[in-house]
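This document starts with one chain, in the form predicted on its own, laid out as structure tokens.
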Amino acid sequence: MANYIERVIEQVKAKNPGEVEFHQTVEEVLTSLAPVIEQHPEYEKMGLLERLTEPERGISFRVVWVDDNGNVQVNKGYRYEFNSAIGPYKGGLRFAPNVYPGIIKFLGFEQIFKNSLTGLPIGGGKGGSDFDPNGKSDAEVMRFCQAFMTELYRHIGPHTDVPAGDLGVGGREIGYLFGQYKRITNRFDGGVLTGKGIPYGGCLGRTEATGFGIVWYAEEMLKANGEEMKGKTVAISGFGNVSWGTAWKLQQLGAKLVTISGPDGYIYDPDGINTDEKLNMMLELRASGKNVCAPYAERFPNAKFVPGKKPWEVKADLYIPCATQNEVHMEDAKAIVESGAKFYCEGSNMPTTNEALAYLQDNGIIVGPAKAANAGGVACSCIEMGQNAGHTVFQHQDVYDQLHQIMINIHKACKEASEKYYGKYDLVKGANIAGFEKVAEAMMAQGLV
């Protein structure tokens, strides 16, 4: 069966040349599945891994819009609908200049397992564009979103494909996208997009959901190893929605957060980023559109701004990368190991290179994988879908209670799967297996579709 897995990995690389992020995540996931495939030779006969790694549908399109100077701009748009075995495609839209098919494919492939882990009936998909909303006016963002949705609308729907936000796509962008969808279709399909504003069907708690979920998952990691979150020193990266939600929940649980970061460098705050004023400063940084974190140190003189570097050199008990993919490399992993830390929980999608991840685990660091730890966002999106379908409104505490239990269940599933197939506590392998088993069973039941 190892030969089967190796063959599929090589096929993916050959069919998707140069798409490094996609290659990396396929290799990491499929390698973990070896003991499951060994027990199910019928999967090879049915070409299950080949089907799993090939999107059911891939859409690319041009997006033509006009900037504030009257100049015509052209961007590329994408949507990869990867797997619908357990429910409609579900996954965010990412607007960033580095977006290309390899990024969207890796995110869509990861989304299959992440969504399966929630226990909710949602499949995996992802989309986006190489459009950069930073520095654009509201009018420019609106015109781009309207042009983007004019192409995308025919491929999505409440029972087909339900996009959400991601990097570069927040409440403003979702609002413009939803408005254009409604305008074109002449329907108020509240379930076609999640992450909407509260007045038109959004879910309370969605903005902080991913960050809250990450911390709740990390809390379960600590509990499983006889420790607690209170009193822990924590280093995170980023300062956007995910980082902000993470900081907020760490504050509530009594941990001491000491770093945030941006493309310009990182902030080290020895006093802790643990007051309402400091959390609100993160919101100000995000809303500025400048994508820099240096102003934090200007507001809080005891904090230090370290330009051009990442926060992994700061000593901490728990590290949570929350910024973007492949932000933690081998040199960063070595710094984390040297710090004496025991826990590392991925907040963003695939923030760690395969080599760095292996190094962390080989040196005794307990790793919480992104597909499990940051599933809180998509879980809350599914709660929003249920809210729209049932024409009801969940209050904050209703959402938090559901989300907290989902994260507890995800950790439990990862733990039990790793112990069953590997005889040890390995949440990385466990997450891949627990997410895969449900999808595989559904795919086998539905035949060659």
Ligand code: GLU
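The structure presented is a predicted model; accordingly, all values stated were derived computationally and were not measured. Quick note: we count residues from 1 along the sequence shown, nothing fancier.
Same protein, other form: the form predicted in complex with the ligand, not shown, and the subject of what follows.
Please determine whether each residue of 90, 114 and 166 possesses a non-hydrogen atom within 4.5 angstroms of the ligand in the model of the complex.
All of them do, each having a heavy atom within 4.5 Å of the partner.
Which one of these stretches, 130 to 138, 180 to 188, 302 to 310, 372 to 380, sits within 4.5 Å of the ligand in the model of the complex when only heavy atoms are counted?
The contacting stretch is 372 to 380.
So in the model of the complex, does residue 83 come within 4.5 Å of the ligand, heavy atom to heavy atom?
Result no; residue 83 lies far from the ligand in the model of the complex.
Determine whether any heavy atom of residue 206 comes within 4.5 Å of a heavy atom of the ligand in the model of the complex, and answer yes or no.
Looking in the model of the complex, residue contacts with the ligand include residue 206, since a heavy atom lies within 4.5 Å.
Check residue 261 for me: does it contact the ligand in the model of the complex (non-hydrogen atoms, 4.5 angstroms)?
Looking in the model of the complex, residue contacts with the ligand do not include residue 261, since no heavy atom lies within 4.5 Å.
Mark residue 349 yes when one of its heavy atoms lies within 4.5 Å of a heavy atom of the ligand in the model of the complex, and no otherwise.
Taking the distances in the model of the complex, the answer for residue 349 is yes, it comes within 4.5 Å of the ligand.
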